[in-house]
Ligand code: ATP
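In structure tokens, one chain follows: the form predicted on its own.
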Amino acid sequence: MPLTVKAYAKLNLMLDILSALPNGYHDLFMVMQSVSLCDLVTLTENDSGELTLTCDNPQIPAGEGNLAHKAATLFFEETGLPFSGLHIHIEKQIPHAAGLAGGSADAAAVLVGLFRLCGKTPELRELIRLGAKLGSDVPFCAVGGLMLAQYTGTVLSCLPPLPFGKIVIVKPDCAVSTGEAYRAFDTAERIRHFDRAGMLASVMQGDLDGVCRRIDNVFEQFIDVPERVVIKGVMRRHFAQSACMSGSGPSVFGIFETEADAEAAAAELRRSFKNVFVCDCVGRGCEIL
């Protein structure tokens, strides 16, 4: 029987880069939140002896170039469990190259789903270990909720959930290369860092106003997304408690206290942008249906 997994998108409530590491990666400080915008990843076992992947979005690579395909290959290599054949189908709702970890979420869903298909309950550290071999966002996407992610994104600490209202996400038509974003950080002459201790204190105290005041993204200092100012302006006119870019962009999200304010902002934004979503925070990274 096919197994379908919801793969939830992520937002960066705070994204700061502490330094470049000797291995070419970066030392990160990220407060991350899963949201209800999701892809659907369906796993179907078969006797073909092959691993295949399809997607309903033709812009998404199929086959070995897809991170979800790599996740399945890694799973069987690392666990040593028998492989007879598997087909992965992805129904995309999370926009591609958006700073929302869509590819990482799909890969995480494959890992979670394969453990279920094989009748195994993975330990948290095993999911994180496997996810870290695939990408810096995959460990968080496999676990999800509200978490602090440090080092290369692979050191995770659970944080207590916050009473967020509605989230509006807008993905402009442009795309941002994550690699180029990090190279821009490496060559930037001056970086403004954030109140990381204050953010964590606000989260632990359940101080939503304090959290919203401290939401920020270091990439906004040197990644040019022309529509960002317009999007934030619309959100603030409709009483967004905070508005910020997620990941390396270009998506911008706003946090709203009421559904009415969120829907009003989304309605205005849809006049100019086709990828506009109203969603909720969720307490997990993947959900088996």
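Remember, predicted model here, so these are calculated numbers, not experimental data. For every residue, the number given is its place in the sequence shown, counted from 1.
Separately, the form predicted together with this ligand exists; it is not shown, and the next lines address it.
Colleague: Within 4.5 Å, heavy atoms only, one stretch in 53-61, 222-230, 255-263, 235-243 touches this ligand in the predicted bound form. Which?
Modeller: Answer to the contact question: 53-61.
Colleague: Please identify the residue among 90, 170, 71, 112 with any heavy atom within 4.5 Å of this ligand in the predicted bound form.
Modeller: None of the others qualify; the residue that does is 90.
Colleague: Could you tell me which one of 134, 199, 98, 86 places a heavy atom within 4.5 Å of this ligand in the predicted bound form?
Modeller: Result of the distance check: 98.
Colleague: Using a 4.5 angstroms cut-off on non-hydrogen atoms, would residue 178 count as touching this ligand in the predicted bound form?
Modeller: So residue 178 counts as contacting this ligand.
Colleague: Considering only heavy atoms, tell me if residue 139 and this ligand come within 4.5 Å of each other in the predicted bound form.
Modeller: It does not: once this ligand is placed as it appears in the predicted bound form, residue 139 has no heavy atom within 4.5 Å of it.
Colleague: Contact between residue 49 and this ligand in the predicted bound form at 4.5 Å, heavy atoms?
Modeller: Answer no; every heavy atom of residue 49 is more than 4.5 Å from this ligand in the predicted bound form.
Colleague: Does any heavy atom of residue 67 come within 4.5 Å of a heavy atom of this ligand in the predicted bound form?
Modeller: Yes, residue 67 lies within 4.5 Å of this ligand in the predicted bound form.
Colleague: Enumerate the residues of 100-134 that have a non-hydrogen atom within 4.5 Å of this ligand in the predicted bound form, in sequence order, or give none.
Modeller: Result: 100, 101, 102, 103, 104, 106.
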